[in-house]
Each structure stands twice: as C-alpha cells, then as structure tokens.
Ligand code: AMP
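Only one chain is shown below, in structure tokens, and it's the form predicted alone.
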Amino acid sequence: MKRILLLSSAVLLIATLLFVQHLRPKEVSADSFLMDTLVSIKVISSDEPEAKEAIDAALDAMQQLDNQLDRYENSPNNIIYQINQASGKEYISLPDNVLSLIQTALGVSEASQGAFDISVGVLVDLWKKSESEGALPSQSELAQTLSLVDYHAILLGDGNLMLERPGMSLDLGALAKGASADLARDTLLTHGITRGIIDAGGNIVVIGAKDDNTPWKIGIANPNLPGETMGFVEVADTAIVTAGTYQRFYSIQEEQYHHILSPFSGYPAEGLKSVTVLAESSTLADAISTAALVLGPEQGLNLIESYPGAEAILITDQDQVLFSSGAKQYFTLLQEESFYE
C-alpha cells in the first residue's frame, strides 16, 4: 500500500509539473512579406494555439489593409488606386478605416504646414522615372510635378474623396506601415494577447512589457552604419517609428538620393538623418516622423512638441542627437564616440 501511495504521489507530481509547464508563457512568432517589407509578430502567451490564431488574424488584417492602400494594384478593394484613377473627375466613397487614415494624414499636413503631404504620388513617380532613365529631374519637370502636390486639393467630405486636379496621385506609403502595425496590435488585443511586439519593416509596436518588471528594449539604427545600433529606448505599450535617410534610395548617375522627398523643393529632405518617434499611435508616429525629417531640426522638434504624448530622438546631418522634452528618459546612447548630445 505504501508503494502504491508513493507511485501515486510521483504521478501526481509529474502531472502537476507538466500542467505548470503547459501554463508557462512561451514566445510564439510568425513572419510574412507585406507592403514590400518583412513583417514579424512575436507574442508571449501560455496558450500556443490561441497565440498562433491571434497572429494569423493580425497578419490577415494587415494584408487586407495593404490590399486597400497599394496605389499600383488595380483591384476591386484598392481604394487608393480608384481615387488616383478618378483624379479631377469624381468623388470616391471611402470605407471608414481609410477615411480615418486620410483624416489623420490631413491633420499632420495642417500641423506641419505641408511638410507631410500624401499627394506626393506624382513626385515619387517622377523620381522613379528619373532613376530608370539615369538622369536627375529637370527644373521644369519638378515645377510641373510640384503643381500637383497640394494637400489642400484633396477634397474630403461626407465620407467621399476626390483629388481636385487631373494627374494628382495619393501615396500613403509614409503612414501605411504605421496604420498596419496599429491594426495588428488591435487585432492581437481582441484575441486576448497582453504581451507582444510587432515589427512592420521597422515600424515597431509593443504590447505591454516584456515581463512584469522589464520593458521592451528597442534598438535605434546608426544612420551612418545601419547594421549597427547607436542606441536604444526602453518602453511598454508604445509605438516606435524611425524615418531615416538611410533606408531607401534612388540611384542616379552613380549617386544615391534618399527616398524622403520634400513637398516644398521636390528633392530629398536635408538637415536630419533620422527621426525616431515614440507615441501611442504608430500611424501618427509614422506621419510625424516623416514630417519632422522634412522640416529639419528646429521646426521638426517644434512639430513633435505640438503633439501631447509624443516624444522623439532626432539625429542631425552633423551627428548631433536632439531630444523632445520627455524623450531622454527612455533613451540610452551606446556609440558616444560617433554621436554627441
């Protein structure tokens, strides 16, 4: 009888250990190629099947949004393509999610006095054409193109939108990844996920903290050597977005011209190498990081300060690190030999 009791106790102990191990939080992750970039989602959960289901739902939602916003893709669900095709002709009815996104974009356009402008599609196309032909845009080409870049000519009313001038073209690339990351976060939350990280091609959103006592540590790339980390921020329940002049280029006549174009000059923006924004909304952080980079150090900081709850780390063309009023508490500089405050 004693031996039977001992065996029963051992079986109970093993069963308890297995049960505890089953409940122990695990990392569950998945990747997908969306919006011309690699999207990664990692969550921490004690229920692996439910975590996988949540991640799949988030990736599906991101794909559906991408299908609506890809201005080059002619499909029934692609609202931006339809708007561009109807420029100067007719209004297009917007689904609520796209309406909200464009309202956010126009709000940042107003706040930045046009430094952020989603009607830059025709300017992006001009630089792509110049790259393919191997010659910089001429002054006459730039002048003609910039006449079609004007957020005031985006006519929005009662859930409908029309581009006032024929030839205008919306390009939501400067906030689409941010919107996609926000959508993924919201989808994960509705599936009960309380800890996780979404990386939409460098647009980061963290849910909760890494554990009860540890915030997420997110590296900021060295804009001079993007494979290296120049510093990091420690955050929880935050979006972290970096706009950088080192991320994408137009290659023309053996020179590289970064892809963040000024709606004022038509040329790549100058004065800053990168702007990292911390905010609750990845959509907003995406837009104002781009706007601040176009505006330059002083006006860029002023823009960030105008948004309550947003903070930013800016790196100038001279490798000086600038901070918004509350950003320093989150940031640690690693490469003090390369950057100065």
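What you see is a predicted model, and the numbers here were worked out from it, not measured in a lab. When you see a residue number, it is the position in the sequence shown, counting from 1.
Same protein, other form: the form predicted in complex with ligand AMP, not shown, and the subject of what follows.
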_Which residue, 179, 198, 240, 120, is the contact with ligand AMP in the predicted complex, using a 4.5 Å heavy atom cutoff?_
120
_Between 171, 131, 141, 150, only one gets a heavy atom within 4.5 angstroms of ligand AMP in the predicted complex; which residue is that?_
171
*asked:* Please pick out the stretch from 253 to 261, 205 to 213, 223 to 231, 183 to 191 that is in contact with ligand AMP in the predicted complex, where contact means heavy atoms within 4.5 Å.
replied: 253 to 261
*According to a 4.5 angstroms non-hydrogen atom cut-off, is residue 97 in contact with ligand AMP in the predicted complex?*
no
*Does residue 124 reach ligand AMP in the predicted complex, with heavy atoms at most 4.5 Å apart?*
yes
*Is there a non-hydrogen atom of residue 247 within 4.5 angstroms of a non-hydrogen atom of ligand AMP in the predicted complex?*
yes
*Using the partner position in the predicted complex, report whether residue 115 sits within 4.5 Å of ligand AMP, counting heavy atoms only.*
yes
*Considering only 292 to 321, what residues come within 4.5 Å of ligand AMP in the predicted complex, judged by heavy atoms?*
294
